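The chain below stands alone, shown as structure tokens; this is the form predicted alone.
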Amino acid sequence: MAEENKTIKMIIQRQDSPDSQTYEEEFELPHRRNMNVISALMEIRRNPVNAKGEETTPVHWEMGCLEEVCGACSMNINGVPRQSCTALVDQLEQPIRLTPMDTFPVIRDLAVDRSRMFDSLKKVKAWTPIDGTHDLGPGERMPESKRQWSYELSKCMTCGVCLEACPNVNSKSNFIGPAALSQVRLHNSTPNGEMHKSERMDAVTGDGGLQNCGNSQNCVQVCPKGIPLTTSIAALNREATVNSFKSFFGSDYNY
């Protein structure tokens, strides 16, 4: 229920197409209790009229689960990259400024193309190959200590927030970013994924890999899932050193 005389002011950066110029548009809408940024955007979509009283096009953005699981609704909210589904309006300074993530190309308004991140995951083979032709059974057991930290890494929802916060991920850099690096550590830790560990390590020690990390630690501060990204990067740096010795001396030692 809308609260009498209380409104929300939002300033949204808009872009009609990938090649068009950006512009800002201000909206003012009735305040309701427990509103998040997504519900405010839905209200604008329902009644696309800006603060000047002019009819406009509905704001375009992405969303999926509305439970901070899918990672689709990432955007900059008051200059901070985060999930808009968990950004409560009453906890934000007004006017609320919404902009798309700068790291990725804009599709339209607040929606961006995150292909860069997915291409990085392909590059480092962030999966465990299983052909599916026969029943593999329950799988090998993992020590509980390893299972606990690897589970934390598995919470990644490819939202792109860590890449947005990282100063080393930009249009002039081919750095794969912290999300892909953390997924390498995850898949290297599983009994089945470990079989392709050397391939992944070759990928992360190549162009755009670990050496591009500047250790700013912005990624771990903004990750909505609290994933220990910098811990993964530190662990991969150690493994990279071992992998380089193994490659140089031609050892078949399974490190």
Partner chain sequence: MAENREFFYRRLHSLLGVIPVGIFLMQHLVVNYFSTYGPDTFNAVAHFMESLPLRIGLEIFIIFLPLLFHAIYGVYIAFTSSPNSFKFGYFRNWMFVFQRITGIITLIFVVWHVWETRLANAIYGTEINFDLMATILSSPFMFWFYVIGVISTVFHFANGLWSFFVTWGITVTPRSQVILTYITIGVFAIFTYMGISSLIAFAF
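Just so it is clear, the model here is predicted, and its values are computed rather than measured. Residue numbers count along the first chain shown, from 1.
Not pictured, yet referred to below: the form predicted together with the partner chain.
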Answer with one of Asn168, Ser154, Thr158, Gln94: the residue that has a non-hydrogen atom within 4.5 Å of the partner chain in the predicted complex. Asn168
Counting non-hydrogen atoms within 4.5 angstroms of the partner chain in the predicted complex, say which of Gly206, Pro191, Gly64, Gly226 makes the cut. Gly206
Can you tell me whether Gln217 touches the partner chain? I mean in the predicted complex, with a 4.5 angstroms heavy atom cut-off. yes
Is Asn76 close enough to touch the partner chain in the predicted complex, meaning at least one heavy atom pair within 4.5 Å? yes
Find out whether any non-hydrogen atom of Leu41 is located within 4.5 angstroms of the partner chain in the predicted complex, and reply yes or no. no
Would you please decide whether Asn34 lies within 4.5 angstroms of the partner chain in the predicted complex, comparing each non-hydrogen atom pair? no
From the candidate stretches 51-59, 192-200, 217-225, 24-32, select the single one in contact with the partner chain in the predicted complex, where contact means a heavy atom within 4.5 Å. 217-225
Would you give me the residues of 55-69 that have any heavy atom within 4.5 Å of the partner chain in the predicted complex, in order from first to last? none
